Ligand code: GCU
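Here we start with a single chain on its own, the form predicted alone, put down as C-alpha cells.
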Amino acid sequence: MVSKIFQSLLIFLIMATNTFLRGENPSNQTTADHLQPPVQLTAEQDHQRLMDLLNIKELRPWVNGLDPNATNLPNYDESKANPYPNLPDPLVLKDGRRVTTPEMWWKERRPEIIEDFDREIYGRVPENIPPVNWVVTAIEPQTVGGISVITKYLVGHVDNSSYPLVNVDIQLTLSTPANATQPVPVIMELSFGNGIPYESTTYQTEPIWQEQVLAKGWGYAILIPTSIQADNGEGLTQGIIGLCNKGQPRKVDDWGALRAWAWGASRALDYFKNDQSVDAKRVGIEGLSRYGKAAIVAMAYDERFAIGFIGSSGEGGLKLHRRNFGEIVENLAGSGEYHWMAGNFLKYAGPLTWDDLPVDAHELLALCAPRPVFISVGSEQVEGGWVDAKGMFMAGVGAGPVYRLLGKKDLGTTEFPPQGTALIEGEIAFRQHSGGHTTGPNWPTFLSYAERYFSNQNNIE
C-alpha cells in the first residue's frame, strides 16, 4: 500500500516537473474546461470574413503562373512591367521633410515605415506575447561532410497557460563543430521540414550547404516555421496567432504567418544568446521562396540578425509590389496566400491600387540597413519569371540611399546585371545564378561574402 502511494507520488512529481519545464500551468486542464474552443473556419470563409470587415465587395483577379493555357496569365513583358514607376521615397518623412542625417532616419523615418508595414502589410505583433521556454531534448554527435559536429535538438514551448487549448512547440536544431574552442557564427535556415530545404537539387554541384558552412568553421541551425504557425488560412485560430487571440479570428491589422515565422526566428535567436557554443552577434538567416519572404521580414524587424541570405522571395518579399511581372499583389490577397499578410493588405487588390500602398519592398530592405543582405535568385529560363528577379534587384537599388546615408555601400549600379554577375562589394548584394528555385548555386558566393563580416577582424556589432 505504501509502495503504491509512493509510486503515485513519484509519477505526480515527474509530471509536475515536466509541466514546469514546459512552462505550463498545472491547472490548465481544469481551466481549459471553461474556455471556448478555437473558431473553425475554412480559408475561404475567413477570407470572406476579412473582406466583409473591410467592406470589400470584390477583389481584382489573380494571375495563374502554373497553367500555360489559362486566360489569366502573368505578364512577362518588361515593357508593361512598371505601371507605377514612382516608388515611395524612403528618405522623405510623411510631413514632407527630407531625411538628411542618420539620427533622423533612426528616430523619425524608420518608425514611420515600420508602422506602415505593421498596419497595412505584415500585421502587428501583439504586445503581450507569452514567453518561450527552450528545452534541449537530445544531443547527438554527428559527422557531416567528414566534420564532427554536435547537434542539439530543441523545443521552444510557448507558455499557453492563458489559453491551454492551443499548444505551440517550436522545432529547432543547432549543429556546431565538435572541435570548436570558442563560440562560432551560425547560419539559420527556415526549412520546409526534416532539415531539407525546398529546392531543386538538379543544379547541385557543390557540397550541401551545411558542409559549406562547417568548412568555414561555423555552425548551422534549422528552424521549422510551420511549428510556429501553419501555412494556411484554416490554421489562423491555431499556432502562435491563434494562441495570442485565444482561438478567435484575426482583426484586420493582426499579424499574418510571415510575421509570425519571423517572430519565431527571433525567439531562436533568444536561445542562441544563452548557448555558449554560438556567437550570437554573428547569426545569419536564410530562406527560400515563402521562407525567403519570412527571412527578410525577420531581418528587417530584428536588428540582432547580422546578415541575411534571401532566396527568390518574390511578391511579399523583396519583389516590388508596384511591379507587374510574375506574381502580383492580387495573388497574395487571394484565399490561398492571404494568411501570410495582414487583413488590411486585401484592400490593395480592390478597391485600392498597388500605387496606394504606403510602402514598398525597397523600404523593407531599407529597414535592414546598415546590415548586409544578399539577394539571391535563379535563372529566368530555369526558375521562371514568377519571382521577378529584376523586381527584387530594383528593390535593392531603391534601398541604396538609406544604406549610403548610414555610411554603407549600395549595389554599385542601377543596371540589371547579366546572369552570374556577383554584386558583392556593398552591404546590399545580388546574384542571379543559372539554376532553378533554389539558393544552392549561390551558397559559395554568399559564404565568401559573409566571411567578410564574420571574420574576427570585422565582427558585426
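Since the structure is predicted, the reported quantities are computational estimates derived from the model, not experimental observations. The numbering used is simple: start at 1 and walk along the sequence shown.
Absent from the display: the form predicted in complex with the ligand. The rest refers to it.
Comparing 277-285, 349-357, 332-340, 151-159 against the ligand in the predicted bound form, the single stretch with non-hydrogen atoms within 4.5 angstroms of it is 332-340. Checking 191, 237, 210, 289 for any heavy atom within 4.5 Å of the ligand in the predicted bound form turns up a single hit: 289. None of 301, 105, 117, 386 but one reaches within 4.5 angstroms of the ligand in the predicted bound form through a heavy atom, and that residue is 386. Heavy atoms of residue 254 never reach within 4.5 Å of the ligand in the predicted bound form, leaving it off the interface.
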